[in-house]
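Given next are two forms of a protein chain, the same chain in both, each as structure tokens and marked structure 1 or structure 2.
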Structure 1
Amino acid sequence: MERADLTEAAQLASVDGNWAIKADGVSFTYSGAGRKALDGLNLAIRAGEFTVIAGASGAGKSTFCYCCNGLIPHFVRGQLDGDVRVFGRSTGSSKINQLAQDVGLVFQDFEAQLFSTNVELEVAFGPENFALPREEIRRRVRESLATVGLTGLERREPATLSGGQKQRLAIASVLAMEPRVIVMDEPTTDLDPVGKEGVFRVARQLRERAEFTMVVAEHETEEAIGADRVVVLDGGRIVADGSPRAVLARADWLEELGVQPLGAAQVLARLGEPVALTVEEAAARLADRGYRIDPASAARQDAAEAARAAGYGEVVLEARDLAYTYPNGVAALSGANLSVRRGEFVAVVGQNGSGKTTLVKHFNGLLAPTAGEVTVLGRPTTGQSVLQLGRSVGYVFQNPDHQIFAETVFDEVAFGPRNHGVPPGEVKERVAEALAAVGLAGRDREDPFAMTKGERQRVAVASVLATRPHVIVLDEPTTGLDYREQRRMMDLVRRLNEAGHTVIIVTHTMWVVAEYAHRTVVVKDGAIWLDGPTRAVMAREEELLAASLKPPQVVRLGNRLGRAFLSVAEAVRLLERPEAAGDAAPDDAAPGRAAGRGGRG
């Protein structure tokens, strides 16, 4: 009953010329920050609309989300100008906990927003605060859990859920308050591809219920296809606002803004063809227009890849029948075999909790095998300390904030070499060399805590490089970075590999794997599930899906056409139209293609 009343009110409100969310000339500067995070933003969102807010880090997405439920200006300190209204109510003059009944906010960090000891109590927390009767709370808990597909897990401890389940639980805990607007701030950033899909499936389902207004901030665009509207922010201002088709079609332009473009759209745009947003649509269009993969280019590519594989050196890392059981009895690895040769670039992929990080932590001795053996440069790791192994294997942790402690970048990067007893003169030289390698030359006097996340991640890499290890292991090097930062990071990793380092990355960001790694190892349930050249692994979509992984659009597009494309540039290079000469309009394809390659916006 209550629901129906609310819906009617919402409809009345929008007919009335009111909006679910209306931001008028909103500017916000975080205290201590030099520039505005939002800069005169005007954005009105209709009741019942599903809006995706896209943009690079620092574009103002989170800031806008925090403005919607009053965290700005009530919790986050800074200077707010302009007015944000939620169903006509000004957020400036309402308390956050009162707004919570109208606006539910799902945070990016799903670990930090869950605090109860079981799933049921987590969901009940919101309604409890609004003093609802116990029976009503029980109903809401049941319904919210059913909506996000967690029915049956009521008694589970949130910490034991997978990442995707945790984020869906966070959504359920917000749904239980039955807000009219649901705002999600990059809800899928830390999730594996299938976890991401689960969250977006829930979002789509909610959207079908007319009473909800949904606002989702994202820097990946594939999931924005189903939205009513896509708004692109840059520097705190709106730079595009329209239907997904209109906005996402501008793939190269989005990429320049630091937003990950749709692979399918980008390929078609660069070929000068009308844009398609989905893989199926794009594959059909390419087939229609008579495109095929040029056999000669494909053969050349195969030969080049075979030559590269033949050029690898001796085995530097080897795991034989490796098993590892954590002290609490969880068997994370059971019988993993892997050998890595000098000069390889290997991606170890798998869903959250598959055992991929456990596997690589054996390579620098952080973990010792429960059974089996791990050798580094031919010597077993057992009996060697992390310090000793650190001379050959450098390990960059996922979150740079778990290691940065020094007051200057110089001291931070010098930490490793000093621990290894390198004399001061040489430390200086090594720090300079490492900073140059990560593109931070000359910034050694800066405070690492004041740098951006992408820069801090590069400081972390430099601090490992400075010990001059031969093998470099990077755990989730792109997590928490936006598309532009991810690319800069991975270009850096590629340069390290080209300079002779053996590189192992652990990730579930599949476009990074496709575009950068030469070899892909898929870990599933503590064992090696697939292992081979990236192109071959990427072609096996079904087996990847079984491991909760899904290749990016451009790869899937290639798979439909008979060969996995590892990047958009490669797709454009390999696709040709033999019958183009006989086409009715032969001139429009070729110039478009040339212009596309030039990076037309």
Structure 2
Amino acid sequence: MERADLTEAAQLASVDGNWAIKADGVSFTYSGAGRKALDGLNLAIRAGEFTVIAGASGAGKSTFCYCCNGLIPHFVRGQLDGDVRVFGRSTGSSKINQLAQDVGLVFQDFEAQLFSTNVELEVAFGPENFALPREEIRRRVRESLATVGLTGLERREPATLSGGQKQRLAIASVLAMEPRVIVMDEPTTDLDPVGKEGVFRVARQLRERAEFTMVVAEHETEEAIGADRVVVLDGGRIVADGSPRAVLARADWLEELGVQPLGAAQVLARLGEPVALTVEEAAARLADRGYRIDPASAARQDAAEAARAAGYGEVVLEARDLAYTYPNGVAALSGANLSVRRGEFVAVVGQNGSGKTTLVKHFNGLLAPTAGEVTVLGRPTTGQSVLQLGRSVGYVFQNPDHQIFAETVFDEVAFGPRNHGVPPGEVKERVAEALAAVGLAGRDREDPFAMTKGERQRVAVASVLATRPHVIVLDEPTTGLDYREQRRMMDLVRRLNEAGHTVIIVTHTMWVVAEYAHRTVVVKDGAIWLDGPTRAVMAREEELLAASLKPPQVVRLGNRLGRAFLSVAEAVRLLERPEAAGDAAPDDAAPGRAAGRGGRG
């Protein structure tokens, strides 16, 4: 796909010169880095346009975002060549406080953006620094919090909010400044599915009201369907630039770049049919072409899943009438009941602030029940120390940097076994075993803080594995990782489960739930809302929506055809077209079918 694929809005901009952001030949190399983060980038974004910048980690998305508001070159050290202009003003020669009135940036690390003592003050900080009248500040705070769904939390300390609520607060603090350009660097990483939709809905609404130019860096693509334009970066260069339909239709190509493809587009491409972007369009096309679910294949799959469930062992974790109220008075759990058997792979999902993380923190003693009881291997957690519980239940935090502290990978992974009194010789064996399991063998002398986010996540998992727990709990194991890294992490977790570990993950990433978890537990308002085999839970779209959850495209496509598909590969395997034997596929579609049959879902 070449630059000729520009959207109509971008083509008009090239005529009238109404640019909000214009990058001419921009290259940037971070201080001490061996390669360019941006490499000769030429990109112009028209005023009022809603542009999604897609790409894997390291593609240059964040670097471009930093160039837009002057963080590069004023605060981030490195070599900048070329020029970035915002409404004709060069960011390199403009002061940050001048640029802040034109460009608002929501950081990928949104927690680094929050510092005030309550939500209201956080949102008011920007307008106060612009010396606006008090009533105007109040209006902006009120409207911004309403836009992101945080009305009523004005007096809460940001530290007491859930990860998703913090992310929405960071967005509100930028909205309140009412800049002409809003740049969001992966703003949906920690939001529930409906919350993700909300961010992009806000972007579209602002675009329609012609109030803002929106630039959103993202590696998930379903929400990008509603953008004006999608730009794909790879290695700091533009490799695609066009309308969502032109760019997102290339599903398997996007996956190769580390960008999450649209499930509907992938299914149709692999079946050799003309590509569709939405579930409704794809379902109608498949129905028109006579596709149906092969009953024999579906029956075999159901039998295999039933056999797997029958093989689970005894109950290893149980919560009975569990309730928990935080010291600030927030009731996070009320009457939650849950039991987990040995060998299960369970996903715990729910809206931001629903109580998911609060629930799983009871399993290893990080929290103690306000009411009710939690047992591990039949023993109440309240009678055991965190050290004792750590031998049975390992916990991997959402942010590996909250867990990692040692100067070398070896010392980090060895900490748990040493703390449990394991002899030095066995400690060495356990470290080697754990690092091999997570694909980091031979890297035990490296500094974990010099590693990538995905590698640090694997170090955190290894540090838990080295204690040889019965149960592994992973809180948002894919947050901050691109699509390729998410797959690597979840393939690792699947291998651990297949090796005998009981696995519990807390996540908002619904395609991860569909493809990897055998059982799904939905938490809503501090109680268990749904609990069952993942396929059965994914079929209940209305009830999931009531919990602010939305199945991934491929699942919704299957639901419309009569069976929830849990992956693209499964959909391609189960769908058949009876008349296809005497009906050759279109010439231009045949390669897609051949390539897709052997592809990964």
Partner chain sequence: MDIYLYVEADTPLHRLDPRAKMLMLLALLLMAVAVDHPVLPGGLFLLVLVLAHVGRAWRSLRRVRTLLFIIGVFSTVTWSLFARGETPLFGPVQVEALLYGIGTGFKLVSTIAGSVVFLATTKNEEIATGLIRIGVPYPVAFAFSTALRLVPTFVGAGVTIIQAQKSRGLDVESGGFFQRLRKHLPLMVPVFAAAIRSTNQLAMALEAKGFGARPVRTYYLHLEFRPADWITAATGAALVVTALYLRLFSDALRIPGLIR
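What you are looking at is a predicted structure, and each value in this text was computed from that prediction instead of being measured. The term rigid core refers to the most C-alpha atoms you can superpose between the two forms while keeping them within 1.5 Å. One-based numbering along structure 1's sequence throughout.
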**Which of the two shown structures is the form predicted together with its partner chain** = 1
**Request:** Using a rigid core alignment, state whether the CA of Y516 is displaced by 2 Å or more between structure 1 and structure 2.
**Result:** no
**Asked** Comparing between structure 1 and structure 2 on the rigid core: C-alpha of L566 shifted by 2 Å or more?
**Response** no
**Message:** Could you check, with the core superposed, whether the Cα atom of H219 shifts 2 Å or more between structure 1 and structure 2?
**Reply:** no
**Prompt:** Can you give the C-alpha shift of S116 between structure 1 and structure 2 in Å, rounded to one decimal, after superposing the rigid core?
**Reply:** 5.3
